[in-house]
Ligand code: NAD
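Have a look below at one chain only, the form predicted on its own, in structure tokens format.
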């Protein structure tokens, strides 16, 4: 019998309350139509599947998988699938809502969804993870589809996970239709229809928006100190591009430990160490391990929470010394924590703006597959820069015009676009 790791679980119910409080605050600010408010306050569909998988030892384990589809007024549901012990229906609800706002803000023809499987992937072999993924895809069945609901990678899932999903889904179709369903998921390996640059896109987007904020405020990134919570795909790539601009990584926290080096942590060396250590930074000798509760109090210029939700709260927000919090994760700051940050003069690049690079690149991959094209890396980044810059300017201008914070401005822009779709189309019947 496999031993389960002890994991501190964020309060998912609080995440739902958090996203609804953010939404209602923006809805009040935007004077949102009351009927549209009712629709957007609930999810459209909530799917829970329980499925058996044979383990390497011959025994069968039962897994629970989730997919919550929040809204599709603007287009097919879109959002990641995560493999984590904190995955449950409440977490999926909150994350699906955030995806709706994110895709709308970015001007994409998508709605929002989220889901995953409740498990710790480090406890399973690659063969077991493949069987789990394929069985989950089969269990979801027609609840996903290239023009209905399009999953993507998220926490503890990657291009390989998406390749297994795509192959499984395509295999359920007749031979003549299989290639038409390649875009059922995005974030695939390049050789399996993936987009060049998709892996870097979320972290790159975090960096790009930090740079836009810095340029707008006449700040050079050279020599600026930054810390990152979560050193997975998003945390690494954001760090990679910031380091290229001369910024200095001085603190990193992951699920195993927190490390600090005032003189700087080499991003590439830490990444190589983590890659060889099952993704963990624990034991890295070129930095000092510090108490996890001291991480947010590190004296730095930029803080990038790129792990799980509900990390910055009223319990620790007052300790943050950074001038900018750039949200690489979904929902890392709760409402009470944000109030403290804003009162202390801390700028916040909200998640639905800051980490939207990934879903924008996913849209590019979807288009590439749908049209039978191959996009070049340079073209991808030119288009990505344009989309991100457009979103940033919209949020900045709205916030300035209305005298409100960036998050409320981003929400207002997102929900007003959806409101317009409902008013124009009406409610059936």
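The shown structure was predicted, so the numbers you read here are calculated from the model rather than taken from an experiment. Residue numbers count along the first chain shown, from 1.
The form predicted together with this ligand exists for this protein as well; it is not shown, and the discussion that follows is about that form.
- Residues of just one listed stretch (134-142, 82-90, 339-347, 160-168) have heavy atoms within 4.5 Å of this ligand in the predicted complex: 82-90.
- Proximity to this ligand in the predicted complex, taken as a non-hydrogen atom within 4.5 angstroms, holds for one residue of 255, 119, 270, 221, which is 255.
- Scanning 111, 230, 251, 194 against this ligand in the predicted complex with a 4.5 Å heavy atom cut-off leaves one residue, 230.
- Highlighted residues 70, 76 and 100: none comes within 4.5 Å of this ligand in the predicted complex, counting any heavy atom.
- Shown alone here, residue 154 lies within 4.5 Å of this ligand in the predicted complex, counting heavy atoms only.
- Using a 4.5 angstroms limit between non-hydrogen atoms, residue 205 is distant from this ligand in the predicted complex.
- Among residues of the shown chain, residue 115 is not one whose heavy atoms approach this ligand to within 4.5 Å in the predicted complex.
- Within 4.5 Å of any heavy atom of this ligand in the predicted complex lies no heavy atom of residue 259.
- Residues of 174-189 are not found to place any heavy atom within 4.5 Å of this ligand in the predicted complex.
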